[in-house]
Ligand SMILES: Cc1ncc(COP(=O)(O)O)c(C=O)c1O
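First, one chain by itself in structure tokens, the form predicted on its own.
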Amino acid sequence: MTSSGTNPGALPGSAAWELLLPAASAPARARGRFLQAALREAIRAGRLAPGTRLPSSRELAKDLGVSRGLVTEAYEQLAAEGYLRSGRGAGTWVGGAVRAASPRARDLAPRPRGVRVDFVPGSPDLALFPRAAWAAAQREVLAELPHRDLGYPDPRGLPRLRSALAELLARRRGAVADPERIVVVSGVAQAATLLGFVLHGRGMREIGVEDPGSPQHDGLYAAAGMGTVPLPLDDEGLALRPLFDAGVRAVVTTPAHQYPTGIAYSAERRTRLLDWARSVDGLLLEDDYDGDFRYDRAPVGALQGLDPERVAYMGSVSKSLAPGLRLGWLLVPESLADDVVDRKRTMDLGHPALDQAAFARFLERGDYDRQLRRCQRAYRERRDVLVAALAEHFPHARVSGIAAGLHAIAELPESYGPESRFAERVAAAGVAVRPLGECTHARGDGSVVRLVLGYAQLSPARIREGVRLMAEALQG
């Protein structure tokens, strides 16, 4: 189609041809009607915005291979309806009387609707995000970042960030952290999927998962073609006999603070798990989802530090900064490193360089350590408030798993059960909770109510309000 000069509001030739081509292909008797309908629909849908200049009737007729009279008639009809406007010698334009319905983008983020107090675990307090310090880090790296670092990055991550992460993980988590074996990822979810693809490529088809455990694990590994085998726990961690009987060669674990029970694997159990991995030429996938938050016990070092060749270590800033940053790390055994890096390269060509550089600066300046100390104080207070509120309103409740992490397990007497009915009643009062049964593969609905209560995302006042609303709902 002929160009409409240099007017910025003119209809691009290719766009007009594509919009109107079906009309030009219509049967001869219906061609005028089809052309009018095509123009009308394009204006209603917003594909032709108000103020867009249309080609002259002569130009459009020539490009479409139709008579000029047919185009002139279409223009006159749509002008009479208010879709177009024209002036002698000024051309034809899309009018402003018809307001196209602007398509709205839906928000599919997992946010609760109609909830007054949300105890479902998984999120930190996003109001604690250090906006000023993060903005300062971003400004500084934008000013100093070499131009070459804006190109496609090393799929493992910027060397500067991997070096800073190696120092952090060795110092805070006792990991054996070689920067050459750290891969920067979009959170633990991508780390798990990467490992799933690599293990699948090596012939594995099943992976063991803790039961109870994270509800997300099944879907993550299924995306990589891996089935999951639920493995029960005892008081020390993964139960050994079911593990040996399962026949798997890879297991996902949360040994520092098991999700959701809150137990820490005993030293003996950690040793026995590593013995198992060596005996089957297997791998332990360590999800250190909240390893930096300890209140009433000494920090438990990463399992990876005991045998770096039998443990793949995963962590992120989702609990310490914000899940929306999509920043995490994967520390892989040497035997898997090349395959993981190749898979990361084909998956997304590497993590965004500016985000990596900002986080590296954030680590180097000590801002991350300061953030962890700030969160530690806030979350300890909220844990204490939750325990006190439960004692006040549910005096027979047993609370466990509170020495570390961002959630607690509350076990209530049978008179409050079953779990599903309890959740329904408190939901009617505007309180969202996660029954422990939702974290098991059996999806049980026991008479004893056991709840996984997240408290990090709630202020002390909201925690008190939520527990009070639960008690009032049950009394009603």
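Start at 1 and count along the sequence shown; that's the residue number. Owing to the predicted nature of the structure, the values given are computational and were not obtained by experimental measurement.
One more form of this protein exists, namely the form predicted together with the ligand; it is left out here, but the text below deals with it.
Option touching the ligand, based on a heavy atom within 4.5 Å in the predicted complex, out of F293, Y75, Y289, W134:
Here the answer is residue option Y289.
Taking the ligand in the predicted complex as the reference, which of R173, R160, K319, R382 has a non-hydrogen atom within 4.5 Å?
Filtering the options by heavy-atom distance leaves K319.
Verify the contact flag for R116: yes if a non-hydrogen atom of it lies within 4.5 Å of a non-hydrogen atom of the ligand in the predicted complex, no if not.
Although the ligand is absent here, R116 would stay clear of it in the predicted complex, with no heavy atoms inside 4.5 Å.
Would R272 show up as a contact with the ligand in the predicted complex if we use heavy atoms at 4.5 Å?
Heavy-atom contact with the ligand at 4.5 Å: absent for R272.
Considering non-hydrogen atoms and a 4.5 Å limit, does the ligand approach S214 in the predicted complex?
Contact with the ligand, yes.
So in the predicted complex, does W93 come within 4.5 Å of the ligand, heavy atom to heavy atom?
It does not: once the ligand is placed as it appears in the predicted complex, W93 has no heavy atom within 4.5 Å of it.
Options 149-157, 310-318, 296-304, 352-360; stretch whose heavy atom lies within 4.5 Å of the ligand in the predicted complex
Among the candidates, contact is made by 310-318.
Just give me the residues of 323-339, first to last, that have a heavy atom within 4.5 Å of the ligand in the predicted complex.
Only a single residue, R326, comes within 4.5 Å of the partner.
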